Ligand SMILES: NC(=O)c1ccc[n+]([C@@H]2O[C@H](COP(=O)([O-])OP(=O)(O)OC[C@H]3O[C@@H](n4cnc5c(N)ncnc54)[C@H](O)[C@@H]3O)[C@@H](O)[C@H]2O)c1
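Starting off, we have a lone chain in the form predicted alone, written out as structure tokens.
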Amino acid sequence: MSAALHGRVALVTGAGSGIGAATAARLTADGAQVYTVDRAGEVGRIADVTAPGISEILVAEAVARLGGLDILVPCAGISAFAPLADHTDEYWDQVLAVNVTAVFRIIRAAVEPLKKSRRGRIITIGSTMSRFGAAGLVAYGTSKHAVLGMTRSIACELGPFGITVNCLQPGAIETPMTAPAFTAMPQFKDYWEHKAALGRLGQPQDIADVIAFLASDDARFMSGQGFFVDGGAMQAQ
């Protein structure tokens, strides 16, 4: 694509498929060295991001192997539909552990190496549900609201060190995570296709390209923001 990220090191979790895989590929194409993590897939490190102490291990490995850290994209996430009555404690805890706590922990672990970078970037993955709500997505919606709030607070704290922190808020994207819902509920897929002003579902590359922009020098004065990347779905009536 370009050399916009030449010489930079990125750590991407959830990089085995979907948005994470597309992000890793795009950052690599733009010249970055990318340390990839997921529970499965063709990645540099197989790991469960919720495991105790794993965040510090992953950051240390990325720094040791690639010589530093400039870009962090905690992309690992989970989602499923469940009525409120079926939100067991175990289900709630699992969603919050992956979507919120693991994101917080890896950002915390990455602070010191990012401070040493003159171009530190953190890009979190929220959702349109970071601003809105939907039936059947109580745990997921809660987690994504939390990610946006976390992003804004961390941006305030790390700004003095030249680190930008932003949150991508994807709409309905065709990924392995969303495939079961789209298959089981064709009407759900049809709803989001028609709700989007652009008349289609998003693809992982649609999100990865915006992440690459936020990781670049072109976005150097953008921080603490949530950005809808949803094909205009939230603007459509």
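Just so it is clear, the structure is predicted and the values come from calculations on it, not from any experiment. Throughout, we count residues from 1 along the sequence that is shown.
The protein also exists as the form predicted together with this ligand; that form is not presented, and the subsequent description refers to it.
Peer 1: Can you say which of 131-139, 149-157, 77-85, 111-119 gets within 4.5 Å of this ligand in the model of the complex, counting heavy atoms only?
Peer 2: Residues of 77-85 come within 4.5 Å of the partner.
Peer 1: With heavy atoms only and a cut-off of 4.5 Å, decide whether Asp38 touches this ligand in the model of the complex.
Peer 2: Because a heavy atom of Asp38 falls inside 4.5 Å of this ligand in the model of the complex, the answer is yes.
Peer 1: Wondering, does Thr175 line up within 4.5 Å of this ligand in the model of the complex on heavy atoms?
Peer 2: Yes - in the model of the complex, heavy atoms of Thr175 and this ligand come within 4.5 Å of each other.
Peer 1: Using a 4.5 Å heavy atom cut-off, state whether Ile125 contacts this ligand in the model of the complex.
Peer 2: Ile125: yes, in contact with this ligand in the model of the complex.
Peer 1: How about Gly226 - does it come within 4.5 Å of this ligand in the model of the complex, if we only consider non-hydrogen atoms?
Peer 2: Gly226: no, not in contact with this ligand in the model of the complex.
Peer 1: Mind checking whether each of Ala10, Gly44 and Cys167 has a heavy atom within 4.5 Å of this ligand in the model of the complex?
Peer 2: Judged in the model of the complex, none of Ala10, Gly44 and Cys167 sits within 4.5 Å of this ligand.
Peer 1: Please identify the residue among Glu193, Glu56, Asp48, Asp209 with any heavy atom within 4.5 Å of this ligand in the model of the complex.
Peer 2: The option sitting close enough to the partner is Asp48.
Peer 1: For the stretch 86-100, return the residues whose heavy atoms include at least one within 4.5 Å of this ligand in the model of the complex, in the order they occur.
Peer 2: The stretch 86-100, when checked against this ligand in the model of the complex, contributes only Val98 at the 4.5 Å heavy-atom cut-off.
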